[in-house]
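Okay, here we've got a single chain as structure tokens, the form predicted alone, with questions on binding and movement later.
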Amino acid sequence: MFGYVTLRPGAVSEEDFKRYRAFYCGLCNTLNTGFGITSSLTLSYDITFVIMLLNSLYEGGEGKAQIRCLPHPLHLHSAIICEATKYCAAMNIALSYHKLLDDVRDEKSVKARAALLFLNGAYKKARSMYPKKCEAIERGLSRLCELERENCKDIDALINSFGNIMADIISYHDDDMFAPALKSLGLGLGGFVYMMDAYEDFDKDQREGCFNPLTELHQRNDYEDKVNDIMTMLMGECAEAFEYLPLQLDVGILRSVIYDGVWEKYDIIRTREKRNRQTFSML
């Protein structure tokens, strides 16, 4: 998965971080037990955020356990599994499966092709559990792939295509009173993730001749400022929808992710790019 929607290290108290980590371990455990042991390789802090968000909104009840896992077989650690965990685990499988398909199509990745063999059964199970959601993901990604194959120059269309996928995933119950706000949150967050992925992969995509939605924008002198403006706007939309929701649990953790954590990798990449440009100008 992408790994952009996460906490910045040290941003919350130790107690809050342990709780955040317990939801992550609950997702890992659910992937292992529900979809096969190799499914935990798709584990994502992005989806951990969605679990905590839905749990805070719907308060479906939490189950707590002390578990061991393959990465930490000698020590028990806490895991929290709530009503949203199984659903989010299936969505994690679906997104990871299609990300691998994308890597095979665009990069002819042998590693991704091999990983698909292990994940194929897990995706079939996820699709049987949540057919409408998986069909929505497939339609959205098919539309996004079509735009990319056409070398689409409309960055808003590209951003909205992936944003709509996240909107469908985050709107857990499509027809309840919270669905509009959750869709708005997902639209902004998904657009941000799409932009971050393009921003991080730009140099690699240029070397390998792959489509990148920022190619045209990169030719502008104010490229970095424009990227920052777009991503700030997207997270502003996400934050506005977030503040509308009557959340009950872990609000401080969730706020820390939205207002701070999502920017951590962006700050790292931007600092690296600035350093590279300075080094190049000195040569």
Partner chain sequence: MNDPYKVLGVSPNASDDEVKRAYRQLAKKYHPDANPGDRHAEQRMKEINAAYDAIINKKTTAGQSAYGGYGGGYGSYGGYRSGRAGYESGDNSYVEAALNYIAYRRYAEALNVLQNVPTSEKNARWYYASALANAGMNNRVTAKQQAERAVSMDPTNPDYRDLLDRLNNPSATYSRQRGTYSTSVNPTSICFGLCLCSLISRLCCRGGCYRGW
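Remember, predicted model here, so these are calculated numbers, not experimental data. Numbering follows the first chain given and starts at 1.
The same protein also has a form predicted in complex with its partner chain, omitted here; what follows describes it.
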Item checked: Ala181: touches its partner chain in the predicted complex, heavy atom cutoff 4.5 angstroms -> yes
Notebook entry, point to check: Looking in the predicted complex, any heavy atom of Ile230 within 4.5 Å of its partner chain?
Noted result: yes
Next item on the list: Using a 4.5 Å heavy atom cut-off, state whether Ser56 contacts its partner chain in the predicted complex.
Entry: yes
Note to self: Whether Asp267 contacts its partner chain in the predicted complex should be assessed with a 4.5 Å heavy atom distance threshold; does it?
What the structure shows: yes
Notebook entry, point to check: Just one of 128-136, 171-179, 112-120, 86-94 has heavy atoms within 4.5 Å of its partner chain in the predicted complex; which?
Noted result: 171-179
Notebook entry, point to check: Of these, Val193, Ile81, Leu100, Leu187, which has a heavy atom no more than 4.5 Å from its partner chain in the predicted complex?
Noted result: Leu187
Margin query: On the criterion of a non-hydrogen atom at 4.5 angstroms or closer, are Ile159, Glu240 and Arg255 all touching its partner chain in the predicted complex?
Written below: yes
Notebook entry, point to check: Hey, which residues along 241-255 are within 4.5 angstroms of its partner chain in the predicted complex, non-hydrogen atoms only?
Noted result: Ala241, Glu243, Tyr244, Leu245, Pro246, Leu247, Gln248, Arg255
